[in-house]
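This document starts with one chain, in the form predicted on its own, laid out as structure tokens.
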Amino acid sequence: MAHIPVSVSESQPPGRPLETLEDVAKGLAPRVRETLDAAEEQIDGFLSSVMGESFEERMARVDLHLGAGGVDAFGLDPKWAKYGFFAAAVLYRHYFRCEVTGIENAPRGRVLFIGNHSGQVPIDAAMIGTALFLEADPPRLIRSMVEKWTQTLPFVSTFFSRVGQVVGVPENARRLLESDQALMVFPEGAAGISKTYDRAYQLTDFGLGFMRLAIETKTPIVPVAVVGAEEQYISIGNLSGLAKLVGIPALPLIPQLFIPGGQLPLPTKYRIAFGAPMFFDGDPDDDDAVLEEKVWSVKTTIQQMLHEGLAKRKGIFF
């Protein structure tokens, strides 16, 4: 007997048309919304538990200058910052178990936080920023100067700007300080963050730019010492030739990355110390030799703070 083809529509039971992708999407939308709302509630609850107030209440105490689009002139968006602080606060409280001293030294108004840099990735900057937002009164939302090459990274450049990070050029730093913002600078730069473990807690050369900036804008400097970051990713070498080839400042050789689970930083205990504000005057256009003496005083202060922090700790993980 001849085969009579039956169309798909004819084979469907009456009253049950085929679902389209649009139908599926419409069905999933409420569930996705419920899931996102539940996640938002969990985030809000966690942040409130660690801050004693809601994120929005704490952010309202920060001096921000937002435009009509809800972002500031450098791209900071409090909505993005909320999720950034949530992730950072989890690490701060439960992974690195940060211990902070001297937070009362963080002044109101414009300020330059100058710290040691280490750990291969800038987790130290995130933990310092989290400490100042969670622990300081009033809370401070610091801006960090990021390397220009980070602007070439997809998504990363947008994320950095949305959570308050700023490309490290003098013009940006000056504008932030003149609007009484808090700025975090690591004068060691890429050389500090990518140092090998045999040079742990030994400060590399400091640039002079931050001192010229502090003098020009009459900004106090608060020295910051971080103990614990050096051990999170232990580098035994630097593939500098390959790094130049791919256009990045450094390419550290980190054995733990080849161990299952070693891609995560080691859960070292962070100790963050804020020193007393330091004030400098003079001419920002002074010769390098004059500025180097002032920079040396900041560098030696941080180095001494590192020595003190290392002497007090009894272990890397506790």
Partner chain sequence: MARKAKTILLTGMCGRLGQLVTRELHRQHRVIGVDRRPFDRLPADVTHHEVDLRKKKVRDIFRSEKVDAIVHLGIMHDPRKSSADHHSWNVAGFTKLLGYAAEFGVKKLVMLSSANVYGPQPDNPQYLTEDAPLLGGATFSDIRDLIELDHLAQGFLWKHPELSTVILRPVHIVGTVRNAASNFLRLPVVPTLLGFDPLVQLIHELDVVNAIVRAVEGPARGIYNLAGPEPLPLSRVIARLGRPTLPVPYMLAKPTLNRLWSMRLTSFPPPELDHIRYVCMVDDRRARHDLALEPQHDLAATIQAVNWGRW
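Residue numbers count along the first chain shown, from 1. Just so we're clear, the structure is a prediction, and the values are computed from it rather than from any experiment.
Separately, the form predicted in complex with its partner chain exists; it is not shown, and the next lines address it.
Of the candidate stretches 126-134, 230-238, 190-198, 158-166, only 158-166 has residues with heavy atoms within 4.5 Å of its partner chain in the predicted complex.
Annotated contacts: Val32, Tyr83 and Leu91 are all free of its partner chain in the predicted complex [non-hydrogen atom within 4.5 angstroms]. Contact between Asp205 and its partner chain in the predicted complex is not found at the 4.5 Å heavy atom cutoff. Within this chain, Gly261 is remote from the site of its partner chain in the predicted complex, having no heavy atom within 4.5 Å. A residue is said to contact a partner when one of its heavy atoms sits within 4.5 Å of a partner heavy atom; Pro255 fails this definition for its partner chain in the predicted complex, lying far away.
Contact check for Ala68: a heavy atom falls within 4.5 Å of its partner chain in the predicted complex. Interface residue among Pro220, Gly102, Gly209, Gly75 relative to its partner chain in the predicted complex, by the heavy atom within 4.5 Å criterion: Gly75. Along 279-318, no residue reaches a heavy atom to within 4.5 Å of its partner chain in the predicted complex.
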